[in-house]
Every structure is written in structure tokens, then in C-alpha cells.
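Just the one chain here, the form predicted on its own, laid out as C-alpha cells.
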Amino acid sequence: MIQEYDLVIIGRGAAAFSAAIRTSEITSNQASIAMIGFGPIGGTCVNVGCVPSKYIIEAAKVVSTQRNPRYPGIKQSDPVVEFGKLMESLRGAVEEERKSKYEDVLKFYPNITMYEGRASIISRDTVKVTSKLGEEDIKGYNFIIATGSSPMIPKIEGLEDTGYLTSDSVWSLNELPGEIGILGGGFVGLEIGQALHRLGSSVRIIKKHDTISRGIEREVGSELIRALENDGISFLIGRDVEKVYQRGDKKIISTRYKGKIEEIEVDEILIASGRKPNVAGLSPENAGIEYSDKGIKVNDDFSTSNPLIYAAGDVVDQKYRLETLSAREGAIIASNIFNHSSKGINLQEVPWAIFTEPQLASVGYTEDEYNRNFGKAVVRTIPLVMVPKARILREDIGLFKIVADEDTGKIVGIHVLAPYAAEFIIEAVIAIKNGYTYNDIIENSHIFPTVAEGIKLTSQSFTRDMTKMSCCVE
């Protein structure tokens, strides 16, 4: 007999759990929910994304601070890094988070049934679950696809034979590579690259383009590259990787640079060229769902071309792939289904961050985006050194940039490269969401001294000469 559920969720990461929990709250645990997935429960963020990456970033920061004390009078020390023990503790932290925030949470929701296996869509209201125990069909009145994403592996001659790491597999390392070549320099490559460098690896980031990622303010991205180069990371820009091969116990990355072949010798290769939506094997076309290699196409309310089926998270064809965005989408879909609403998300109000040091945090339009779409941006940029707290921290690489509408003064984008930027970018979100102008920011007192004060100082620079202001001038 085929089991039927009020809601069938394919996936069991952030979007899936958020949708299941919100559905349970709305229906007082009366809605029957099936959640289908395989591999470690919790999806990308807790297992191979946010949790392990931030753990190793913070550990590496401790090492870096001891080796490079910021203040006179504090002697430099050379800490011993037992990399195997560090990685063992990292994996332990991941297991604890997975247990406490995913596995243990399920006990509060008896209406959720977990299926271990791979799902494939066979009709508009039925999926097939394939597991070690065999196959089982499940019917649903509503569906959410939340299968996430996986590392995108470029087609490079010799790569499969030589072997490589990804942002999913790097956490299984027990020995620190002496030299590592990172192919791609987006969010993941920069975060992991700086962490491994600070722990003792020689890191070379190999990129074709001189920008970090599409959609980042160019001057902010350039400043971040300068900061990382200052930290000791090598950026090899303008390189086309032609092939990879093994020579002895070394891996050779053969690149073309300005018409000439240049070979880069490393101990390990990390692929950091982005992620792809997990659609393979799902057969969404059997339910009339439109999709491409960029992901599943959704409407503003996250419904697909089949109105019974929604999609959320990294599997969706959208600008950002963020754990917080995935979770928000899952909750909104649950409300759209069971409260009969049609809510969406304005992606211009969604913040994102790169957890390097300094951190890059951003929300809203870049200057180029706003000019291209509306043709009337006015901007102000101040260097980090104009912020008193930054000088106290003895940090001098970074900047604040505000993009505003020229006619109204409303803030439409804020982009920050600074210590703790990820901690205070929410002020920018609130400003954009509520239509604040730079004068609205000016008229609210900020805590002194904080790095966050840079947002107010940048707002003040729209109306006065910052070099003629004393500290805390209102």
C-alpha cells in the first residue's frame, strides 16, 4: 500500500528542516510529513559548509595572532599546530552540531517520517525512494524539492587521475599539505585558503579572472585580494588551467599565462570553482518541472511550473546559495502552502559574507548594478583607516561603500570590507528594507568605538568633508 503524506520534502538540509518545522508549527503537528534524503543529515551547512569552515577559520586566527601580534610589547611566538588533532576536533564539532540541531530536533515532531534513500519523481504526485532495502513509492498532496548543491568539478585533463579535494572532502584531511593550489577564488576558496595558509600551508590561488566573484563591488574585491596577499597568499591571475598530472609525489598544474605554459608544483589541489544544483537523478521533467543546469526555475512564491511542487535552497536557479536564505525559503514555502499565502523574498535585502580576515559583507545593489538598472546611483566610499576602532585594532586594509539613489538619498546597497563586517551588516539590511536614507543613518547615534560606526561615517561623507570632522561629530 502506497503511503500518502500532506507534504513530501525531498532533501534534509536547512531548507527541508525549516519547511518541515514551520509546517508542523502551523498545523500543530497535524500535517503528515515525509522527508527523503541520503548521506549525513543536515545538508551542506552543518556538514561541509558553514560549521567546519568557520571552525578552522577561527582556529587559524588564533595561530596567526600568536605569530603576528598586533601590538608593540607583545612578543611573537611560534605555536605548534597538530593538524590531525585539530581536524579531529573539527569533525567532532560537526557531529555535535548535527546531532543537537538536526537529529535531536526530530523527536519533537512525531508527524515527520524520515526516509533514507534517493528520491526520483515519477509523476505529478508520486516519488520513488530507492534505498538499501529496495524501492518504495510515496504519494503527496504537496511537494518541496530541497536537494541542495554539490561541488562543481571543471573538466580538466588528468584531474580525475591525479586526484583533488573539494569543499566537501577537505574536512577529511589529517595532514596539512605543504603546498596547495586552489583552482577558483570565490567565497570557499578564499576562506579555506586563508585558513590553511595561517596553519602553515603555502597557498596559491589560481584564477582566470581578476575579480573574486560576479556581483561583488570591484573595488571591495580588489581590496580583499590585497589584504590576502598581505597575509602571504599568492594569487596567480589570468591563468587557464590546461591539464593536471602527477610527477613523483607532486601534483603539477599546467597553466597557460600570456601565451606561455607555466607549471605550478603542489602537494594538493583544492577545487573551488563553485557549486551545482543537485538535480541529477531527480527526474523533475516527469512532473512537468522546468529546470536547467543552473537549477530549478521557480516563481516569486517558490512554486515551480507544477503548482503542486515548490523548490527551495541551493537547488533553485537564483543569485545566492546561502544557508540562511535556504532556511527562509523553506519557512516561506510552508506558509504559502498551509496558510494559502504567496510570499516571496527580495534578494536585494539578503546579506552575504566572506569570512576571511578582514571579512567582506554585502547587501543590495552594487554601483554598476544600480546604474545599469536605474541609471542614477550616488556613492560614497571611505577607507577603513578613517574608522577609529579600526585604528585601535591596528587594521588598515578595508573600506566601506554606500550606494544610494541620487534623487531620494535612499540606501540601495552597502558593501563592507572590515573586521567583524558579518556581525553588523544587518544594519544595512534594515536600512534597505525600510527605505532609509543616508540622513536616517546619520540621525541615529552609533556606539563608539566600533567598526560598525563606519556605516555612519560613510553616510556622513555624503554631506560633509570627513577630514574636517573630529571624533564622534554628529
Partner chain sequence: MTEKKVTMRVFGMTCDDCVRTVTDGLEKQGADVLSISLSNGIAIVKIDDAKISAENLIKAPVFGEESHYKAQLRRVE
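This is a predicted model, so every value here is computed, not measured. Numbering follows the first chain given and starts at 1.
Note that the form predicted in complex with its partner chain isn't included here; everything after this is about it.
message = Considering non-hydrogen atoms and a 4.5 Å limit, which listed residue (355, 109, 141, 245) is close to its partner chain in the model of the complex?
response = None of the other options qualify; the answer is 141.
query = Taking its partner chain in the model of the complex as the reference, which of 222, 303, 150, 335 has a non-hydrogen atom within 4.5 Å?
reply = Partner contact (heavy atom, 4.5 Å) among the options: 335.
task = Please name which of the stretches 410-418, 52-60, 430-438, 30-38 has residues with heavy atoms lying within 4.5 Å of its partner chain in the model of the complex.
result = Within 4.5 Å of the partner lies stretch 30-38.
key: Contact test, all of 218, 367 and 399, partner its partner chain in the model of the complex, heavy atom 4.5 Å   = Per the other structure, none of 218, 367 and 399 touch its partner chain.
key: Any non-hydrogen atom of residue 260 within 4.5 angstroms of its partner chain in the model of the complex   = Taking the distances in the model of the complex, the answer for residue 260 is no, it never comes within 4.5 Å of its partner chain.
ask   = So in the model of the complex, does any heavy atom of residue 75 sit within 4.5 Å of its partner chain?
value = So residue 75 does not count as contacting its partner chain.
query = Does the 4.5 Å heavy atom contact test between residue 343 and its partner chain in the model of the complex come out positive?
reply = Within the cut-off, so yes.
task = Give a yes or no for residue 339: in the model of the complex, does one of its heavy atoms lie within 4.5 Å of a heavy atom belonging to its partner chain?
result = Flag for residue 339 set to yes.
task = Could you run down 1-19 and flag each residue that has a heavy atom within 4.5 Å of its partner chain in the model of the complex?
result = Read in sequence order, the lone residue that approaches its partner chain (within 4.5 Å, in the model of the complex) is 6.
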